[in-house]
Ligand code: NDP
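Given next, in structure tokens, is a single chain: the form predicted on its own.
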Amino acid sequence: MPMQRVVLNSRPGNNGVPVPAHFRLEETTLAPDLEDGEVLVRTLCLSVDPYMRCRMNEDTGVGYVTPWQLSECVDGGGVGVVESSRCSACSEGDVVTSFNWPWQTKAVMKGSALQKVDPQVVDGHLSYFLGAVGITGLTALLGVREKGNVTKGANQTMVVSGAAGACGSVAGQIGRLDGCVRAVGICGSEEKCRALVDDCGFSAAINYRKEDIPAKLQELCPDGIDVYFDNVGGGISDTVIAQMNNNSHVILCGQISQYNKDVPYPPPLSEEIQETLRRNNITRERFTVLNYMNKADAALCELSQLVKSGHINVLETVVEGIEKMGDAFCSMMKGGNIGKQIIKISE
């Protein structure tokens, strides 16, 4: 059975910027015979995500994800349909998902590694299982709930960096729904700013490539900043933290500006910023969604309802074809996507 797959061709090195040539498309065949417990799946869509940059290194620097191996198939979040099964939990035609889906057009997988999903939960938008009603949405919802201390009626202001990405665009909407009177997004283009305000209900957005971030924050957050959902780290985060109120909260979700650098995760802060955190009693705790999976089922149910009711608007950038995986990943790492970057593999 012919199929295509994407393998890791080379590593960028700890300080390197990934390029499409780090990935290689291979034509190969799949043995059609299944063993007990296995299923044959056809891949429908795959996602690329910032954390994957760490998997390109020999050592990811974090304990909860493993490095990709050279000349072996790459993997990540995926959704597909079962074409044949020797697993009692999976039937032909079932839609299934996994956090460790191989970048292949078809794959033989253990049924126990797959989660069956109901397309009605996402009104048939199966890619949402990789984003707003999947691990990305969980990260946004539980990050805000567990680390943000958002309180209705408390006149709080939230700032989100990387706000037009898959996680940030949902996090700002959760903040508004949970009671923040303002949600201000920081992103990298005028088109993204418009999407955040017009489509996602952010109060305002700042284009960090063109605008004076400290001045715009003072203008847009006249009562200071109470909650900061941090997806980028670096100088932007230092600027936000400098304007945060006493007893405010940083949700340390990601540090994409630092992922191509050989620094520990989370990257160290300057003495000045550490002193600001201490002086103003600002909490800044790393948030890892995998530590809260006992709350996942209820949170996914809530996300489904919020998306289906239109209270959360989902942003996506979709490209077609497994041959575009490397291009899509590298584009996403440079901010080329609005919302979740999805690669459509088949119908």
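One-based numbering along the sequence shown. As the structure is a prediction and not an experimental result, all values here were calculated from the model.
One more form of this protein should be noted, the form predicted in complex with the named molecule, which is absent from this view; the next part is about it.
Student: Mind checking whether each of G134, G172 and E302 has a heavy atom within 4.5 Å of the named molecule in the predicted bound form?
Tutor: No, the candidate spot makes no contact with the named molecule.
Student: Heavy atoms within 4.5 Å of the named molecule in the predicted bound form: which stretch in 89-97, 197-205, 114-122, 231-239 meets that?
Tutor: One stretch meets the cut-off, namely 231-239.
Student: So which of G254, G80, G77, G148 reaches within 4.5 angstroms of the named molecule in the predicted bound form, heavy atom to heavy atom?
Tutor: When the named molecule is considered in the predicted bound form, the option within 4.5 Å is G254.
Student: Within 4.5 Å of the named molecule in the predicted bound form, heavy atoms considered, which of C167, V184, L141, V227?
Tutor: Looking at the other structure, the residue within range turns out to be C167.
Student: Using 4.5 Å between non-hydrogen atoms, is M333 touching the named molecule in the predicted bound form?
Tutor: Yes, M333 lies within 4.5 Å of the named molecule in the predicted bound form.
Student: Within a 4.5 Å heavy atom cut-off, is D49 in contact with the named molecule in the predicted bound form?
Tutor: Contact check for D49: yes, within 4.5 Å of the named molecule in the predicted bound form.
Student: Is there a non-hydrogen atom of V289 within 4.5 angstroms of a non-hydrogen atom of the named molecule in the predicted bound form?
Tutor: Taking the distances in the predicted bound form, the answer for V289 is yes, it comes within 4.5 Å of the named molecule.
Student: Taking the shortest heavy atom distance, is K210 within 4.5 Å of the named molecule in the predicted bound form?
Tutor: The answer is no: K210 has no heavy atom within 4.5 Å of the named molecule.
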